[in-house]
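In structure tokens, the next block holds one chain alone, the form predicted on its own.
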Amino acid sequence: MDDSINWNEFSEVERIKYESNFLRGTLLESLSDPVTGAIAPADTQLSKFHGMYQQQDRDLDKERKRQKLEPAYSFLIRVRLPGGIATPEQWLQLDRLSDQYANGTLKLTTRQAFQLHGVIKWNLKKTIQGINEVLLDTIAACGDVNRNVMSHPNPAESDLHREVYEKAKAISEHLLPSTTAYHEIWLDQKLIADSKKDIEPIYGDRYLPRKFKIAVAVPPYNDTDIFSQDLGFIAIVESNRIVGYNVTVGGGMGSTFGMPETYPRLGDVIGFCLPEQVVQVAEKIVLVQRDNGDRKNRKRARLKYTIDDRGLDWFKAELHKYLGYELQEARPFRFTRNGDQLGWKQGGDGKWSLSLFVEGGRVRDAGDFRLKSALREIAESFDGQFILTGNQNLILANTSAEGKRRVNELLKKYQVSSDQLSGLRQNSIACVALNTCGLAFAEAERYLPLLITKIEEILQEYDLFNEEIIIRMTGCPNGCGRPYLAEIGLIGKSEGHYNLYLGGNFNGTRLNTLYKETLTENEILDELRPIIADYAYNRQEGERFGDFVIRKAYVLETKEGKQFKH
């Protein structure tokens, strides 16, 4: 420990990171401890950098406490997957690992990554080794570092898909932690006795003050929710080539009930850079945050607060100092949507891609609906790619006409179809929440599909079943499902009670606003019914639901994050 640092001034996690010997901590000892299914408290912080969270089955808490047993501990493992692209072989391996070591399902996340849930401590190393066998890893999927880099996922929508994917991958690789701890602990490589041999040229000995998120988008599609990211790159296309990228900074969705000094915030466009400058710009923005972010209060440690506390002009000036040059003026761009357009599309190369709805991002078999089995059999002979989207959906991409025929045949065989989905359900996102997330106050993934069914009855009554409306639900205000950008946002306040937010827009460029607090299901439906009826009868041509509720003053527009109220 450095005696010159007054650790009482900093959050406890700062000390844990500093003393961890570059993310080693006592993880090896924790993993070998036979007495408990948990790991040591300090190691729960360090394990995030290795791509996992310790959790417990909250459905079983009362019964296990009654039996005087420790909680039913298990781990979430997140697989780093820049741009969301996986091979059929990688899909099959993760499918096998989910059955062998996890809870039998795959979770597709809102950052285009895989999650395995329910892995017990004794199976962690075997699972991670299995992931690495197919050239995937979990490094930096969580923790106070740059996380999975997102990019526009659909090759059928853009001939420039490959270029933006490669850019996202380059950013991700450049910003990976340099420590060899991951390979030592999980892949049994030789330990480095002298930690001085490990250096972190970008992150230093305490890494970032908090997590950092980056995405790339290609207008007119904002399917990576670029303004929710700490750092975004918006591709500027001229004459069918990317001439550079607008740079956005300071987005972030997390907030805390009862702490008005925390709030969601949209990113600001601060300039334009050339394609060859992107990785350098990303690094220098990370360094500005590393050196200036709040290390005392983790709830205000994201880049958005650094910018709001010091000012956007200060941030740009500081960035230009780190870069040694100034960004160019931002170029014009326009987004039209941030949801996925489902169904088959043919790309310019003649290949076919299917955007397939995956409710809540959960790939599983349930009764006659056997999505997991269908995708397993598809992967066994598929001639394309599996691409995870930022909306928890899946693209079966770049297949031939014969591949398209085979996919349709197997989806029909396993009764997996997206044909009868409402416009609301197609544009839904839910975080995991209960039963495993320790932060959740209420249900989300397990409950939103049921609530949507009841809202659909109202939509059907007013002939709006096919109208696309963005709805998102989270079990707490931390924002993992980006609920603050939804036209209808629902955030868990307590079991069975939700805050209702309205007025986000369809292209992801406006925060929503609190409409009513602490509503039950019946109250949610009662509040939405007259608004939906009004929308059906009085909307203007082409007017989206989120724009309508602002125009009709159901809520006032939230123009900046600091105005946001829970």
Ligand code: SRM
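Position 1 is the first residue in the sequence shown; the rest follow in order. Since we're looking at a predicted model, the values are computed, not measured.
What follows is about the form predicted in complex with this ligand, which we do not show.
*Asks:* If you check in the predicted complex, is Arg482 within 4.5 Å of this ligand, heavy atoms only?
*Replies:* Output for Arg482 is yes: heavy atoms within 4.5 Å of this ligand.
*Asks:* Would Asn338 count as touching this ligand in the predicted complex under a 4.5 Å heavy atom rule?
*Replies:* Heavy-atom contact with this ligand at 4.5 Å: absent for Asn338.
*Asks:* Is Gly489 part of the interface with this ligand in the predicted complex - any heavy atom within 4.5 Å?
*Replies:* No - in the predicted complex, heavy atoms of Gly489 and this ligand never come within 4.5 Å of each other.
*Asks:* Would Gln55 sit within 4.5 Å of this ligand in the predicted complex, counting heavy atoms only?
*Replies:* Output for Gln55 is yes: heavy atoms within 4.5 Å of this ligand.
*Asks:* Thinking of this ligand in the predicted complex, which stretch from 288-296, 450-458, 270-278, 114-122 has heavy atoms inside 4.5 Å of it?
*Replies:* The contacting stretch here is 114-122.
*Asks:* Does every residue of Thr87, Arg376 and Leu411 put a non-hydrogen atom within 4.5 angstroms of this ligand in the predicted complex?
*Replies:* Looking in the predicted complex, the three residues Thr87, Arg376 and Leu411 all stay beyond 4.5 Å of this ligand (heavy atoms).
*Asks:* Which one of Gln229, Ser151, Ser428, Asn222 is close to this ligand in the predicted complex, taking close to mean a heavy atom within 4.5 Å?
*Replies:* Answer to the contact question: Gln229.
*Asks:* Of these, Thr138, Gln392, Gln93, Ser422, which has a heavy atom no more than 4.5 Å from this ligand in the predicted complex?
*Replies:* Of the candidates Thr138, Gln392, Gln93, Ser422, Gln392 is the one lying within 4.5 Å of this ligand in the predicted complex.
*Asks:* Taking this ligand in the predicted complex, which residues of 424-440 have any heavy atom within 4.5 Å of it?
*Replies:* If the 4.5 Å heavy-atom criterion is applied to this ligand in the predicted complex, 424-440 yields Ala430, Cys431, Val432, Thr436, Cys437, Leu439.
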